[in-house]
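The chain below stands alone and is given as structure tokens, in the form predicted on its own.
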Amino acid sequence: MKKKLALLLAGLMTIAMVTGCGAGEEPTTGSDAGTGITEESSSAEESSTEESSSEATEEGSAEASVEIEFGADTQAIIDRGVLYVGVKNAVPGFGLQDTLTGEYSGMEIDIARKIAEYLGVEVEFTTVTAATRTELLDSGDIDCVLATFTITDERKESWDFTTPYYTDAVTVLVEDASGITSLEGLVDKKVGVSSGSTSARALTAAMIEAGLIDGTGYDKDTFDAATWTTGVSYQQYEDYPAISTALSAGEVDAFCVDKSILAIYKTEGRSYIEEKFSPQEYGIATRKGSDFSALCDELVNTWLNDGTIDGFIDTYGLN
């Protein structure tokens, strides 16, 4: 009797345990037993861990994609979505604008486009002259100047310049009919130059160094083409086409500027004089103290080192 009662009680206890676990569930065993961890709670924690890991990965990827923290001036260009660049429109190989399409081409145009590409913005070109480029830069109408702008110590006091991306030299273009073939032939002649350029000063210094004119009163820091008349005089014009026209009309005896600029105006019946002088280093000009200056310099140095700029020089025949 006692044995039957014990068996009955054991059976009732087994039924109770099975009922307490719920239909289709198994009691917890092993390391999970007594810890309160169920399959449902474990899945929830795994899901949470995966989401946290995913967020951390995305955040890490975003941080890894940032190559440089831009300063306020550069960020303003990015936020605006447009880089404004002052360029030449009549200097083949550097900055030339198609009169029909309005499109610009040249080495300096390509450099400007690469800067814009790096920033992820569009680029808009403004034609400048030697007389207007710094005014537009100072006023904020343009962000930088890429316009055969020669680097000088004097100019560096007012604007920032990058490492030079091209080095040229000054020379003089004349009509063959003038009989002028050298610096000596320019003594007591009138030379056409661009307003705001350094060409007149460079030519005067070269003639003084050659012993062709008296250097009394010459000071490179205060030299003014408008008032210099010792041994050679100058007529200033707003742009290069105007000087070329004046040369053809006989208003001036010669046209002086960087040789790469003169190339477009060396037509039949015109020649360069024998001498080249005063090496001219071109750099990108930006507003003094702008954080955009440092970025431009970094990019120019990168493109000088990796051959990009040499490629532009070859493309446009500027060797």
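Because the structure is predicted, anything quoted here is derived from the model rather than measured. Start at 1 with the first residue shown and count on from there.
Separately, the form predicted together with ligand GLU exists; it is not shown, and the next lines address it.
**Request:** Look at the stretches 135-143, 226-234, 75-83, 191-199 and give the one with heavy atoms within 4.5 Å of ligand GLU in the model of the complex.
**Result:** Going through the listed ranges, the match is 191-199.
**Request:** Answer with yes or no whether A285 is in contact with ligand GLU in the model of the complex, where contact means some heavy atom within 4.5 Å.
**Result:** A285: no, not in contact with ligand GLU in the model of the complex.
**Prompt:** Does Y240 make contact with ligand GLU in the model of the complex, using a 4.5 Å heavy atom cut-off?
**Reply:** Yes, contact at 4.5 Å.
**Message:** Under a 4.5 Å heavy atom criterion, is T204 part of the interface with ligand GLU in the model of the complex?
**Reply:** T204 lies outside the contact set for ligand GLU.
**4.5 Å heavy atom contact, F149 to ligand GLU in the model of the complex** = The answer is yes: F149 has a heavy atom within 4.5 Å of ligand GLU.
**Interface residue in the model of the complex among L96, L183, L247, A130, criterion: non-hydrogen atom within 4.5 angstroms of ligand GLU** = Exactly one listed residue reaches within 4.5 Å, namely A130.
**Asked** Non-hydrogen atoms within 4.5 angstroms of ligand GLU in the model of the complex: do N89, M107 and I109 all have one?
**Response** None of them does, since no heavy atom lies within 4.5 Å of the partner.
**Prompt:** If you look in the model of the complex, which residues in 248-268 sit within 4.5 Å of ligand GLU (heavy atoms)?
**Reply:** Those in contact are V257, D258, I261.
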